[in-house]
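Single chain ahead, by itself, as structure tokens, in the form predicted on its own.
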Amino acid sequence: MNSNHKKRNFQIEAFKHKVVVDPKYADKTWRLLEHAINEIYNHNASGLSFEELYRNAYNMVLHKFGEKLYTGLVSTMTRHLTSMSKSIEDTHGEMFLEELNNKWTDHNKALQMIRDILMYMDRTYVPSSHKTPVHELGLNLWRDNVIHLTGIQTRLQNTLLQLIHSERTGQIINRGLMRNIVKMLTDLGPSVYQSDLETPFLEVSAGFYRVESQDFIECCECGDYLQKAERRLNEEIDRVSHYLDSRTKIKITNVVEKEMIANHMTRLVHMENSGLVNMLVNDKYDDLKRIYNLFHRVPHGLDTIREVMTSYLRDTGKNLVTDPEKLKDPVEFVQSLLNEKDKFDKIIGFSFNNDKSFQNSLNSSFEFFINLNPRSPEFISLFVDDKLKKGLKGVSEEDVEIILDKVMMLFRYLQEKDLFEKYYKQHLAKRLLSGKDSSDDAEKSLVLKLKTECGYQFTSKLEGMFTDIKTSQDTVHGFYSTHGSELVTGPILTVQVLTTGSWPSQPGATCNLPTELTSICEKFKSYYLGTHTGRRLTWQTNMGTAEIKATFGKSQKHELTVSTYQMCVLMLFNKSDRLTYKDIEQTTEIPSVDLKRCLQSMACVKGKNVIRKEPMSKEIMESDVFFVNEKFVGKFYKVKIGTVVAAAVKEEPEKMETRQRVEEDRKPQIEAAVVRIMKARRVLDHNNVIAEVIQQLQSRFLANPGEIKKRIESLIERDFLERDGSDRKLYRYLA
């Protein structure tokens, strides 16, 4: 290619010949287009050439006759719509809507074809001259010349509302036709739909449901009323989905909710023999689910249900924990609490959608009434004791875990967790020492749960008890391995060596063991102290058990399971036929209270009376004389003789002693909390110290403000704290 080639410049010149337009061109062309529009409205469009008509409209706009075309279109469409409106007005009865729908369909079809013909005008002339586009123009003309005619507008509104009323009263209506008419109103613009149908529809609906709800509530029970309200609500939602505008849904449901639910909430929940309390008492889960779902829709609805439920639950719980009959049986007492918890867990889970606010109310209610009974910690421990001793035999591991989790749930509600720990420790000790555990795994599982809940400090001593039992087994095995040949003929000794700090403190009362046991006990003591330096052994004879073989009469043989005290008493009768109370007391040196209970168990309990006394009575007197019951015959070869439980009056000092020990244990914990807080804050006023101590200790117990004040005074005396010189309510930490 030649790079030196010169570029040529092109120039477009103006058309030299002037185009002359026929003066009558615009009128002729418009007449053609007007005729076409008339034919379209008269359903004769099949013979028209839309290409030719489009070209004519195109040329009119091109030759600056857009205004003539637009105004002509308006007048022609108006004329046809006026004719249509006359036809609609003249229609009577049920055909009114049919005719309106037919004419609307005709107008829409015509409008589509007209818009196609005038597309060029729509794209160029209309935007430049700020006119309304053809389709929108057609809708506006339909609105002004048909829908908003006085004779049609009111009639249309009344007809639509009457049809909706008929449907509400159970009649069947033409939903397809309704849908078309409503769509027409929405196509004409949101304001038309709202003013011509939605607003009056909502007003009429409010009146309808106001009257109906009043009629229902006078004659229906709560459950039936709620079913009717739910059905009405669903009907309105269904109505919107079939033929009303979707934006009406929230408005009409608000109307139904206000008139049928919100206005009657209080009366419904308190309705006699059928309200919320009745549903809770009779486990009406479906009705409860319905009331929750309906009340959830209105302001403060759930608050109303929750308040009634909480009030009922607190009253029921209060009656339960103060019921004298329930207090007689700790296991039944705790089982009643668990049953009540299960019941409300199911209600909240199934009926109340696991609503957190209801769960919180349930928890706060249980915490309220379970702590009204000061013996709740003891009873929960006794429940665990019963289950772990005998109640879990044959129960699967999963079910055991469920029971333990329920116990832990009640434990969390306790304010005096340290009191539970004290009782649990005592009961666990008895179970471990008597070998009555139904499941060692279950015991350890519960301790692990307590550890997770309260920390290592809470369970360290409990874990130490398990360690002692395991170590004791190894120790006894080692003892017999070393001295086995010497002990072939004597009694078999099983020893539990307990670490003093880990086990509940027991009164150190000892007794004189039979000579048959003394030598083997001394041998064990020598063996143990020889293998463990720096330790001291003290025999806890009040905690032991024994199995002895006895022959009554000439040939009646039994194996008796007794306490160590009982064993000591029975062995005396190998050497004497008759013994006085004083003889037994002096020989054994068993404490008087324990000895009387021990003798009562063996002489006064039917079926267990291996000894007899003179004179015969239910109480043990110091003047009584005892001898072997030669005629004793047990139902089984093995006979277990328990120890008579002390009367309730005698138990009270023991309970008071346990509580006093707990109170004493709390004092150093309160002092430690005060010191921790003051060390961090350096200076703090009295009220804030009290509040923070309660907060810190609430995981173990609810600290008493009066006791906290005493502990603060004690710390001041010991120079841990001092009062501020100018403000006595202000404390300062002394390093």
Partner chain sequence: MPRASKRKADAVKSSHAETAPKKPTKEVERIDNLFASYANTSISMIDPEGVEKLCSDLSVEHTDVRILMLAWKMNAKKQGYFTQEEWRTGLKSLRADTLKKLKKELTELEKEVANPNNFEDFYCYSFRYCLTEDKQKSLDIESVCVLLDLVLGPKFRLQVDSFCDFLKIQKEYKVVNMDQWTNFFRFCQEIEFRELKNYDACQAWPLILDNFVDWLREKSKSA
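Positions refer to the first chain, counted from 1. If you superpose the two forms and keep the largest set of C-alpha atoms that fall within 1.5 Å, you have the rigid core. All of these numbers come straight from a predicted model, not from anything done at the bench.
Just so it is clear, the following notes concern the form predicted in complex with its partner chain, a form of the same protein that is not shown.
Taking R55, R681, K710, K68 one by one, only a single residue has any non-hydrogen atom within 4.5 Å of its partner chain in the model of the complex, and it is K710. Using a 4.5 angstroms limit between non-hydrogen atoms, G706 touches its partner chain in the model of the complex.
Though the partner is left out of this view, N687 does reach within 4.5 Å of its partner chain in the model of the complex, counting heavy atoms only. Taking the rigid core as fixed, one finds a CA shift for L33 smaller than 2 Å between this form and the one not shown. A movement of the C-alpha atom of H686 reaching 2 angstroms or beyond is seen between this form and the one not shown when the two forms are aligned on their rigid core.
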